[in-house]
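First comes one chain, alone, set out as C-alpha cells in the form predicted on its own.
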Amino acid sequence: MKFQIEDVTVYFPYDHIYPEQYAYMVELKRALDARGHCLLEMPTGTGKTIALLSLITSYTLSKPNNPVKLIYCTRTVHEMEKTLAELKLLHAYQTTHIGDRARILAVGLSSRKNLCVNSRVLAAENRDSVDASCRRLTASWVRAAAVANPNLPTCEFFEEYEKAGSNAVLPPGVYTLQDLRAYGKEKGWCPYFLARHMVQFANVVVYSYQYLLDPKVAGYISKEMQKESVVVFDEAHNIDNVCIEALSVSVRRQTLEGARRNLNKMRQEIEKFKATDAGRLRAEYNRLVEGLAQRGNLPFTDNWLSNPALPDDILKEAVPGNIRRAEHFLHVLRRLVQYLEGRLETDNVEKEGPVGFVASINTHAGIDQKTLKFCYDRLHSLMLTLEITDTDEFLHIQTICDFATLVGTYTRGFSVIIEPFDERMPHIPDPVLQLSCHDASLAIKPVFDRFQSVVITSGTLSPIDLYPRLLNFHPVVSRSFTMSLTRDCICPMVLTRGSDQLPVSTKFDMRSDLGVVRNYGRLLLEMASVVPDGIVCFFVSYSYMDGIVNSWNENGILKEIMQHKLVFIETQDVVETTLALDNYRKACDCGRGAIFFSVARGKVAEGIDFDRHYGRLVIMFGVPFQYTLSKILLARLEYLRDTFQIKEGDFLTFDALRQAAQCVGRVIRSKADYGMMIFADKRYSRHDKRSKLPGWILSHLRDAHLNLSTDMALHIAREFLRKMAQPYDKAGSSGRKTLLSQEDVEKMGDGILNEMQY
C-alpha cells in the first residue's frame, strides 16, 4: 500500500498496516524532520522493523537532493539477516511502483568468519584465528613476498578482488550475508573486503552495534560514514551495557603470562631485523620522531583495530621519546606487566580511580600518563614494522596496551577494581584486575554528536525516561505505543503463593527454602498438564537453575513433569543449547510438547523467538536482579548516583524488570499469536516493581490477576486457552480496527496517534 504522511509518500509492502505502525512512522518522521534523536518503544511482534525501513527509505525518496543514509544496527547475525530479508521485500515493492528511482544498495557487514569464502581460512575455529589466517594470506608484505616467490600462499579471492580494482563494485540491490558470499564465489572476489569497501557507498548498511559503539572497531569501519545518516539501534534495551563493555578491560594471570611470551617473541623479531634489515626499524623511529604514530593510508588488509580510546580523546601529538625506539618500548611494557603482576598478588579487594592508579604506576614502574596513553598506537606501529601476521597469538599484549591506553586517557567514569577471587567461589584463587567503565554515555557520545538522527527502539524501554539520563542525551521524541488487538491474546499473571498458600520468591533468604522450591515445581507440573505444546521457563541464574532442577529431580517432581512433556535445558555451551532448542522445536512440532529451561540474561532470553506453538506459556521464576555484591556493579551504582542522580534501587529494579520483560516478550511474536506470562514471585505484586514493566504488558494485567495462588492461575489458564481456541476476526470489528487498509489510513489521519500512545 501507498499513503501520505505529511509531505512524504510512504511505500509499505503489505496490503494492511497496524495502527501502531502508522503512529510509529509519524513519530519517526517528526524526529527526522527535527534532525534530532528519538526513543521509541513498540510492542514485540507489531512489525517495528518494516515500519522503520519503509518510513526511512520513503523519506529518502521524497528528498532526492538531500538523501539520507540509513545505518541499521542489530545485536545478532540472525537479526541482521531478518532485517535484510524485510528490506529485500520492501525494495522489490518500491521498484515495481516507481522503477529505477527506487534502486538502492543495501549491504550487511559482519566479521570475516561470517563472510569469508576461502576454505583454508575458515578452517580456523574462532573469530580471532580466522582474522589472523586472513592476514597471513592478505597482508601487504606477504603479497609483496609472493610476487618474488610464487610458492608462498596467498588468497585467490583477495587477489582477484584487487585485480578488478575500481571495477570491483556491487550492483544496486539488497545483499544479505549469504548473497554476498554467493556473489563473491561467482565473481571470484573476496566478499568481506568487497562489503567493507561498499559500506561507504551503500544507501543502507546493516551491521552489529560494535561497529559504531566499540572505538576499536568503529575507528576503521565507520569513520567514513557521512553526517547525514540516520542511525537505528534496534532491540536497544541493553544499549547502556553494550557501551560499558566496549570500554572495559579485564586482566588475569593468564593474560600477563601470555603478554610475557608475546614480548619475548617480539624481542627475537627485533634482534632478527637488526641483523638483516636495520633500516626498517630506523625508518619507524624517524616517523615517530616526526609525530606520525600511524603510517599514512594503510592498505585495507594491514588495518589494525583502532585505538580503544575515543578519537577526540587521543590528541594528535608526537609519541613520547622514551618509547620511540622499539627495544625501549618493549622495556616499558615489561615494567608495566611486572607492575600488574605485583598488583594481582593481593588478598583483599582493592578499588581506585584511574588518576590514583596512574600515579601508582608512575611511582613504582616509572611510566607516566602520556606514555600509557600511547601504548596501543605504538604497539600497532611496531607490529606493522615487524610484519606480524599471527595477530591471534598477540591478543594478550594487545589487551595490556588496550588497558594502558584507556587508563592513561580517562580520568573519570572508570574504576580499577582488583579482586583476589570470585566472591561466589572464595576458596578458589582467581585474581582479576578490571578497568571498569561506569558511564555508558562515553561510548555513545560520538554517535550522538556525529549523526543527525539516532533512533533507539525496542519492545522494552520502560521506564523510558531513564535512558536519556543513562546515555546523557536529549531526545526530540520519546514515545511508547500500545498494541491494538482484536482479542486479548496476552494473559499476564502475578503468582505470589503456592497451593499451600506459602509465599514464593527468589529473594536471597527464601530461594533455598524447600517450600518455595516445591511450590515452583508444582506450578510447572500443573501448567504442563493443561497447557498444550511448548512452555518456556526462565530462572534468575545458571546456579539457581541447577539447584532447583536438582531438587525437583530428588523429590520426583521432574519425573512427573516429564510424563506430560519433554524437558530441555540451556547450558553455557552454545552448541549444546542450539541442539537443545532444535530438539525442543521438534518435540513441539510432533505434538509431544516440551518445556525449555533457560536463564534471564542468557543467549536464549535475548535473541530466540518462541512464536506460535513453540511458546504458549512463559514462566519467569523470580526477579532477575544482577548479583548485587559484585564490586563492579556497586562502583557503577555509586557513579550513577553521584553523576546522574539515579538511585541505586531505581536502577537495579529498572534493570531487573527490563530483563524480565525481555524474557516474557519471547512468547508473543505477532497478533495472530497468543500466550500466557506468569511472573512467579510475590515481589511483582508491589506497584513500584510492577510499574516498571512495558505498558503493552501492563495494559493486559488485570487487578484480579495480581495476587494469585497456583490453583487460581491454573483456573485462569484453562479459561484463557478455551477462549483462544475460538475462531476470531483478524481485521477487527466493533469500531476498533487493528488492520488498516489504505482508505482507513487516509480517513483516520491523526486520530490514531492519540489512541496509540500510552
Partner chain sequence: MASGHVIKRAKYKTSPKGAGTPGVLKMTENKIMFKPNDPTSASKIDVEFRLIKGYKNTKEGSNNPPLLNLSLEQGGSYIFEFENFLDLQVCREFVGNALTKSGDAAKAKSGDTAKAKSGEAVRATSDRSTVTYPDEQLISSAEMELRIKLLRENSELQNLHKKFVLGNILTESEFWATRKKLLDGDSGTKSKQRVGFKSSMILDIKPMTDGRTNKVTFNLTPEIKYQIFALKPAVHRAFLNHVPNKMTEKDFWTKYFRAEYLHSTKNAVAAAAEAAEDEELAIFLKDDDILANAARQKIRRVDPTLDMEADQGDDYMHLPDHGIFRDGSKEITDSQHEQFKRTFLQDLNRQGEVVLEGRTIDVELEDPRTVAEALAQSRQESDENAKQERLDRISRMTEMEDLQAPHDHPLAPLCIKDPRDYFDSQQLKTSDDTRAGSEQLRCSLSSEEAYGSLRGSISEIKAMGLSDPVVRPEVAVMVLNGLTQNISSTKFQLGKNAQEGILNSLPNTTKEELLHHWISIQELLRHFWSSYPITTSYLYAKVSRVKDAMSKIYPQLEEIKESVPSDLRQQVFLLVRPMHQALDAAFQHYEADLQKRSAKSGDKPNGYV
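Rigid core (definition): largest C-alpha set, two forms, superposition within 1.5 Å. All of these numbers come straight from a predicted model, not from anything done at the bench. Numbering follows the first chain given and starts at 1.
Not pictured, yet referred to below: the form predicted in complex with the partner chain.
**Student:** Of 250 to 258, 360 to 368, 463 to 471, 145 to 153, which is the one stretch near the partner chain in the model of the complex, taking non-hydrogen atoms within 4.5 angstroms as near?
**Tutor:** In short, 250 to 258.
**Student:** Hey, in the model of the complex, does V242 get a heavy atom within 4.5 angstroms of the partner chain?
**Tutor:** Yes - in the model of the complex, heavy atoms of V242 and the partner chain come within 4.5 Å of each other.
**Student:** Using 4.5 Å between non-hydrogen atoms, is S543 touching the partner chain in the model of the complex?
**Tutor:** Residue-level check for S543: yes, a contact with the partner chain.
**Student:** Given that the partner chain is not shown alongside this chain, does Q572 nevertheless sit within 4.5 Å of it in the model of the complex, heavy atom to heavy atom?
**Tutor:** So Q572 counts as contacting the partner chain.
**Student:** Going by a heavy atom distance of 4.5 Å, is G47 a contact of the partner chain in the model of the complex?
**Tutor:** Because a heavy atom of G47 falls inside 4.5 Å of the partner chain in the model of the complex, the answer is yes.
**Student:** If the cut-off is 4.5 angstroms on heavy atoms, which of these, T399, N262, S505, S133, is the one near the partner chain in the model of the complex?
**Tutor:** None of the others qualify; the residue that does is T399.
**Student:** Which residue among K216, K351, R511, R324 has a heavy atom within 4.5 angstroms of the partner chain in the model of the complex?
**Tutor:** Spelling it out, the residue with a heavy atom inside the cut-off is K216.
**Student:** If you check in the model of the complex, do A85, Y220 and S670 all have a non-hydrogen atom within 4.5 Å of the partner chain?
**Tutor:** Per the other structure, all of A85, Y220 and S670 touch the partner chain.
**Student:** Considering only 568 to 587, what residues come within 4.5 Å of the partner chain in the model of the complex, judged by heavy atoms?
**Tutor:** The stretch touches the partner through F568, I569, T571, Q572, V574, V575, E576, T577, T578, L579, A580, L581, D582, N583, R585, K586, A587.
**Student:** Is the C-alpha displacement of D430 equal to or greater than 2 Å between the shown form and the other one once the rigid core has been superposed?
**Tutor:** Result for D430: no, shift under 2 Å.
**Student:** Align both forms on the core first, then report whether P150 has a C-alpha shift of 2 Å or more between the shown form and the other one.
**Tutor:** No, the C-alpha position differs by under 2 Å between the shown form and the other one.
**Student:** When you overlay the rigid core, is the Cα of G649 off by 2 Å or more between the shown form and the other one?
**Tutor:** G649: C-alpha displaced by less than 2 Å between the shown form and the other one.
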